[in-house]
Each structure stands twice: as C-alpha cells, then as structure tokens.
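What follows is one chain in structure tokens, specifically the form predicted on its own.
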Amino acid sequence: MSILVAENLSKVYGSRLGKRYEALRQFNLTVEKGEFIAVMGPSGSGKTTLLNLLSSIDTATSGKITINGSAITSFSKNKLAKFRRKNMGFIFQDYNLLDTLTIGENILLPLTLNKVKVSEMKNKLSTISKQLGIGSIIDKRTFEVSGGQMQRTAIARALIHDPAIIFADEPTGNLDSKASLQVMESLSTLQKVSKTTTVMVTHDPFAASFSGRVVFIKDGKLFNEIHRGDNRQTFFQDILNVQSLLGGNTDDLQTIRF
C-alpha cells in the first residue's frame, strides 16, 4: 500500500519580472507503507524543497501529492492543518522542543492538541518513552538532558499520535557520532517494530545507511536511487559511491562509527 505518492512535482521561486529559479522539476516519488527512505543530494539540489512540499510546509507550483489516500494539494489551509496534525509527524534538526515543558509534556503535545483522554495519554507516553530509552527523563526539562535525548524526545513526539508518515529533516545534524548512532538505531527499530513510514532528508551517509532506500536528487531531478540489502556497511559504501558521482563532500565521514 502506497502511503505517499508525488506526481510531477515542480517548485519555481521568483516572479515574472525577477529571476525565476526552478528548485524542483517534474519530480515523482512513491513511498510504501512501512518504508524508510532517505533523500540525499548536494546543497541546492532540491532535497529540502522536496521535503517541504511533501510535508505541506510549502506549496508546489504544480503537481499532485497524495498521502494516505488524500490528495492534500487540493486541500484548503484549514483542512490541511487538521490533516497534518492527525496524519504527519515531524522531526527537525534543532529538535523544536519547548523549554517551558517537561520532556513528557513535550512528547504529549500532539495528543494534548487532539484532546485525547488523560488515561490514554499516560499509557502512550509510558510505551513510547520505554521504546526510545527515555523513560527515566520524562520529568526533566530540556536543559537537563543531552542532545541525543532531546532528539529521541522529538521522535517520541512525532510518533505518539500514530501518524501515517513521519518527515525528518537532518535528524542527526546537531549530534555527535554516539548520539547519531542512538537516534538512528531508534528510528530503525521503530520502523521494524511499528512499521512506521519515514521520509528523511540528510547529508550524512551514515544516517542514510539505516534507511531501506536512498533517493538522490541533483538540480531538482531524480539522479539515482539505491536499495539496501542485508549488509548495512555495504549499503553505506554504495551511498558513498553515488555521493562521489554527485560531487558530495565526503571529507568528514566517520566510517569508524561502524
């Protein structure tokens, strides 16, 4: 079953009088239920634009996006906001947690907005926090925990309302190698156990190697895509090979993390 289908997506910035820049050109993508895909490409390739369009943060110039059977490109702003709150989960590079709330309260925010019963919220919080290894910190504030714990909190918040799809934007961008490993292992485990569907934009081949498929973008178009086999280290090397063809920077790669 296809959770996300993007057809002929294009995004043009600029006006008729000014310079026009085509960030994405007639892009097509299908994501199946339970699939974990990574989107990679050089700076300015269109990968962030693609994520913003798929997640309804930005609006396509042309094309169609269907999520969980609904054509969201035809929705009004109000209908789209409600759909996003129910069907999408978001993980950002800078966590986007509220300092005034505890870790537990941050995780529960989507359920609070959806007016879920307190008893159900407690049960869901207990389950997700244990799965992500953050059960012992739910009463702490954001400034009392590590970056890796904050990102796992953000993952818990993204998942707690059982969204149809999760969008992750550079989830390991602010983390050291140890925390990156913990976060990516958490995402990978949840995908296997809960069959979560995830689309992740990343510049990091190490993070991408945890996905099942990597889609490479160049100049707003599909450049290539590769699928993971049984060996993650082989997949990591395949990602590096395609990245080198794209002209990506591999100077800071930490293969020792394997």
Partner chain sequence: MTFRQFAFNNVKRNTRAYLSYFLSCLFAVTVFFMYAVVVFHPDIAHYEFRDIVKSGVVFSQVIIYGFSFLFVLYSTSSFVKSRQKEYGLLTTLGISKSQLNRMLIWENTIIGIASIVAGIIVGSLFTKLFLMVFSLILDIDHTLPFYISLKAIGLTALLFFVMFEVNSLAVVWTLRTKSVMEVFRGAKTSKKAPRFSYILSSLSLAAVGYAYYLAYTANWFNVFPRMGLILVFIIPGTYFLYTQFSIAFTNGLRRNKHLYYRNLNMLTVSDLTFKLKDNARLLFLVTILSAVAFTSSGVLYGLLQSAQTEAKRFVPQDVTFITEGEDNQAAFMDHVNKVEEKFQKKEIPYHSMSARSMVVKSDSAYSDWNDLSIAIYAYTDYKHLMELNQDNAVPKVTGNDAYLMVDEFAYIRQLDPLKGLSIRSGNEKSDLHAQLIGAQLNGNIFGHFTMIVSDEVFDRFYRAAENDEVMYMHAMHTPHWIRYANDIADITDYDFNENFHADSQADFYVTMKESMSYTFFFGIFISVLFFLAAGSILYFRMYQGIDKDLNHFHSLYRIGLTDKEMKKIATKQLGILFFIPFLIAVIHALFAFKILQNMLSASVVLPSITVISVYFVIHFANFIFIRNIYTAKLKKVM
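Residue numbers count along the first chain shown, from 1. Note that this is a predicted model, so its numbers are computed, not measured.
Note that the form predicted together with the partner chain isn't included here; everything after this is about it.
> Quick one: which of 145-153, 170-178, 183-191, 115-123 gets within 4.5 Å of the partner chain in the model of the complex, going by heavy atoms?
Replying inline: After filtering at 4.5 Å, what remains is 115-123.
>> Between the partner chain and Ser56, Glu105 and Arg157, in the model of the complex, does every residue show a non-hydrogen atom at 4.5 Å or closer?
In response: Yes.
> Does Lys130 make contact with the partner chain in the model of the complex, using a 4.5 Å heavy atom cut-off?
Replying inline: Answer no; every heavy atom of Lys130 is more than 4.5 Å from the partner chain in the model of the complex.
>> Quick check on Phe90: any heavy atom within 4.5 Å of the partner chain in the model of the complex?
In response: So Phe90 counts as contacting the partner chain.
>> Check Ser136 for me: does it contact the partner chain in the model of the complex (non-hydrogen atoms, 4.5 angstroms)?
In response: Contact check for Ser136: no, nothing within 4.5 Å of the partner chain in the model of the complex.
> With the partner left out of view, is Asp162 within 4.5 angstroms of the partner chain in the model of the complex by any non-hydrogen atom?
Replying inline: Taking the distances in the model of the complex, the answer for Asp162 is no, it never comes within 4.5 Å of the partner chain.
> Which of the residues spanning 51-89 lie within 4.5 Å of the partner chain in the model of the complex, based on heavy atoms?
Replying inline: Stretch hits, in order: Ser56, Ile57, Lys77, Asn78, Ala81, Lys82, Arg84, Arg85.
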